[in-house]
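A single chain, nothing else alongside it, follows as structure tokens in the form predicted on its own.
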């Protein structure tokens, strides 16, 4: 779908969308169209339940007096209450409804907002951003069919506003972020026979076109570095494990400490010898969601030329149950020398991250380090599919991430960490055990305490995205399937907490 930004003027031969505010107050364009159509809009409002609230939507088909195929009234509620997320949701809702109606083009008249030019720019840009996010489809493995009524029809969206040049410029940055979200969605949606560790690493190489430096560590390199925890997880698979290091150097000062993002990349998780139940196991193709988010984030930051130094590190493995697989009761040694008793081979993501986190902080000495992982089912029990779990050893870092998530509509909720939870991972025969001694209780917190053992003195946060990486329902800007969760939030975090320093 293509996007255009123009000054305010009525279109011809397309759909026209106009704002209506709380209590059915028409925008100036809506009033003009109402006059041209002999009051068709007010008659439609009088015979409907439309009240001008956020999310209200009403179509008037083929009205006389104007050269448009339909007029769409979109409710925005009270102007003072509008957020940029509201405009994104507006764009996403328009795309979905117009595709269902078979429309090919639409012009949205963003007038009557009583906003200054800067906000006018942002509103138009964020409508287009939401529309682009909603337009995503993963259909590369479907055969083309001319009879497929589900194919999207909408080809062009025009945003008409008072400051169209500024809106066009603002959208360029947002479009780069959307491209990063789409990459994450693509990676999470791929089946495991197509996206195994080596293939995932090859996808990362494509970021070199944007100026990202990409380094790939094979099993021999990781073995020499002592990454016994990560390699233990992957030893049951015929697919070799990989670690990928991505670097974006955009800071004005070359010696500026980087921000580091670390992702769990279990390309398929059977549970290993501690085998998962068969129902639903197909969903474990997205157990690499953390690595997918880190990769998409690197594309977004490079695409918009972020003025900051960033390191992205992802550990890529398959957790499979063959004759060489890691067994419950095995003891492995992580890169930092910590010995780990593996009591459950399905608690594998923390083993991958143990070596990835230690390697990242030891080699790059980052200012802060944030990891993302589809780590525990327990976080879904705690928070459902509305928020990711947030854990941190630094209050400011946690607050900054929370604020960024709230800004873009990707929720996180901080959970506690304390000695009593850390004591649950003490092993009687090794330094640590990979699951807690308290049974199923506090599973997400215990996992975070395990990871904390491998971050040194670095300011660190862990985001458990098990409930957020995949969705079985649509929302205005996120089609069901791979969500791309975390790319927008962490881009906003970088923008607000680090750029310009």
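Keep in mind that this is a model prediction, so the values were computed, not measured. Residue numbers count along the first chain shown, from 1.
The form predicted together with a small molecule exists for this protein as well; it is not shown, and the discussion that follows is about that form.
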- State yes or no: in the predicted complex, is some non-hydrogen atom of residue 295 no more than 4.5 angstroms from a non-hydrogen atom of the small molecule? no
Margin query: With the partner left out here, check for me: in the predicted complex, does some heavy atom of residue 355 sit within 4.5 Å of the small molecule?
Written below: no
I'd like to know if residue 331 sits close to the small molecule in the predicted complex, meaning any non-hydrogen atom pair within 4.5 angstroms. no
ask   = Hey, in the predicted complex, is residue 377 touching the small molecule, heavy atoms inside 4.5 Å?
value = yes
Checked 350, 132, 299, 185 for heavy atoms within 4.5 Å of the small molecule in the predicted complex; positive is 350
Picking from 415, 308, 422, 284, the single residue whose non-hydrogen atoms come within 4.5 angstroms of the small molecule in the predicted complex is 284
Only one of 190 to 198, 341 to 349, 242 to 250, 122 to 130 sits within 4.5 Å of the small molecule in the predicted complex by heavy atom distance, namely 341 to 349
